[in-house]
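Just one chain follows, in the form predicted on its own, and it is written as structure tokens.
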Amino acid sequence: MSGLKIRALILTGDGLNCETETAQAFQMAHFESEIRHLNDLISEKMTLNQLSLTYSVIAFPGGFSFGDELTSGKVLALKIQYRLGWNLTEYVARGGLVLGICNGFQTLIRMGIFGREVSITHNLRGHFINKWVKVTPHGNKCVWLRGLGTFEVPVRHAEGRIILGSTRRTEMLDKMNHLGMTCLKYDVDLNGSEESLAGLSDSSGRIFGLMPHPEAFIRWTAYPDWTSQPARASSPGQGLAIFENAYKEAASAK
């Protein structure tokens, strides 16, 4: 399987700053990673058709795009929508996969990928959270999380509280649960997020966004207490499985 050349596009520019770690995670999962500045893609006028033919995955990494002006991810979402015009739902319908991490997830939310009444705002206690947390996948729809149980990853965000703006909140949540969209939850109430949500997928299970940083735990030695289990020093970190699942899915389509 590792002989297949499957390409992942990782966006950078405008304050995104986790592109290198994200590209490395895809590389460790056997992808050919390519980091591209958003302005270059705009200059080249890369169409959705070109994107689909060239890349099996597009990743929106973490960072602080545009300094989180007008709420996190908002300006970047507008730039992608109006300067590139990419329809990510159509992209995944053609076999593509999409990943948004932290600021990338916020951007996907601002683009309306998970529904117009799904939003994200400041953590309930109003401060930046930087710690390791346990998260658990729910349902089996999200292709990025297949076969995963509870795992640990770091979080670092000030605006990670997922909220539903509908007056018919219960009905909306039931629908999202039924569609498998509420696919990743914290094991504790970390930031006041609805249902302790740490991530969401679209109804196809191919677009996945999450606030934790799986790209920051692709090696066991990144874990704070790794020296208590030195025999595992050469082992992969638990976040790598997410990228390996993407490779399996993309390879099956080749």
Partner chain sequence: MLRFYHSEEVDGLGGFVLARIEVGLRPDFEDSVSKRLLRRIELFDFNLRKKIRWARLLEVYWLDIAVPREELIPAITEICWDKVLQWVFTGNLMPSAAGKSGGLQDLMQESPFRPGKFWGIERRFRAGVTDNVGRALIEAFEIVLGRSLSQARASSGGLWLVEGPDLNEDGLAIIAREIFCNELVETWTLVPEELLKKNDRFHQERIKYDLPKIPRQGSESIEIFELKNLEASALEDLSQKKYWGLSFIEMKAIQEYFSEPSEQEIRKSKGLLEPTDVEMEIFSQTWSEHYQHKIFNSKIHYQEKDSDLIPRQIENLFQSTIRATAIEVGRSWLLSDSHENSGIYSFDEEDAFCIKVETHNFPSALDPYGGALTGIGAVNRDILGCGLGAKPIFNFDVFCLASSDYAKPLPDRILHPRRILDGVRRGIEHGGNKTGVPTINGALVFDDHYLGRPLIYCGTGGFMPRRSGERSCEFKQVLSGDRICMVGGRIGKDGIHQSTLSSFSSLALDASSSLPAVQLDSLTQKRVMDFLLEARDQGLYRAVTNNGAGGLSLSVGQMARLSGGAILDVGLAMTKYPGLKPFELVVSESQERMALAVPPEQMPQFLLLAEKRGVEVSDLGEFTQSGRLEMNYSKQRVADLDLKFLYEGLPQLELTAFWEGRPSAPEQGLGSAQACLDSLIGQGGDILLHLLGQPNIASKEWLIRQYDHEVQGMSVIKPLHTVISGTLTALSGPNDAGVVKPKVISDRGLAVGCGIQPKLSEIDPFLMAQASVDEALRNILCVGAEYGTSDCITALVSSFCWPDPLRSPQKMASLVRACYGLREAALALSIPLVSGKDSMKNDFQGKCEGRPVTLSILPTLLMTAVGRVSDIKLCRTADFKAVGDCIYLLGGSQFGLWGSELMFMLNQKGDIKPTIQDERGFRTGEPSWTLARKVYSWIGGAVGKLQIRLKSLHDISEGGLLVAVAESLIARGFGAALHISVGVNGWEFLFGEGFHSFVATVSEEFSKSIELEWGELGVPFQRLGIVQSPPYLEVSLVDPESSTNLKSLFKVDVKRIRSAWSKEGYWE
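Positions refer to the first chain, counted from 1. The model shown is predicted, which means the values in this text are computed figures rather than measured ones.
Below, we turn to the form predicted in complex with its partner chain, even though it does not appear here.
Its partner chain is not drawn, but in the predicted complex it has a heavy atom within 4.5 Å of Lys74. Remark: Gly139 does not count among the residues lining its partner chain in the predicted complex, judged by a heavy atom distance of 4.5 Å or less. Contact check for Arg94: every heavy atom lies farther than 4.5 Å from its partner chain in the predicted complex. Looking at Leu53, you'd find every heavy atom of it more than 4.5 angstroms from its partner chain in the predicted complex. Partner contact region in the predicted complex: 129 to 137, out of 171 to 179, 142 to 150, 86 to 94, 129 to 137, criterion any non-hydrogen atom within 4.5 Å of its partner chain.
Although the partner is absent from the chain shown here, none of Gly205, Glu244 and Ser252 has a heavy atom within 4.5 Å of its partner chain in the predicted complex. Shown here without its partner chain, the chain has Arg219, Thr221, Ala222, Tyr223, Pro224, Asp225, Trp226, Thr227, Ser228, Ala233 in 194 to 233 lying with a heavy atom within 4.5 Å of that partner in the predicted complex.
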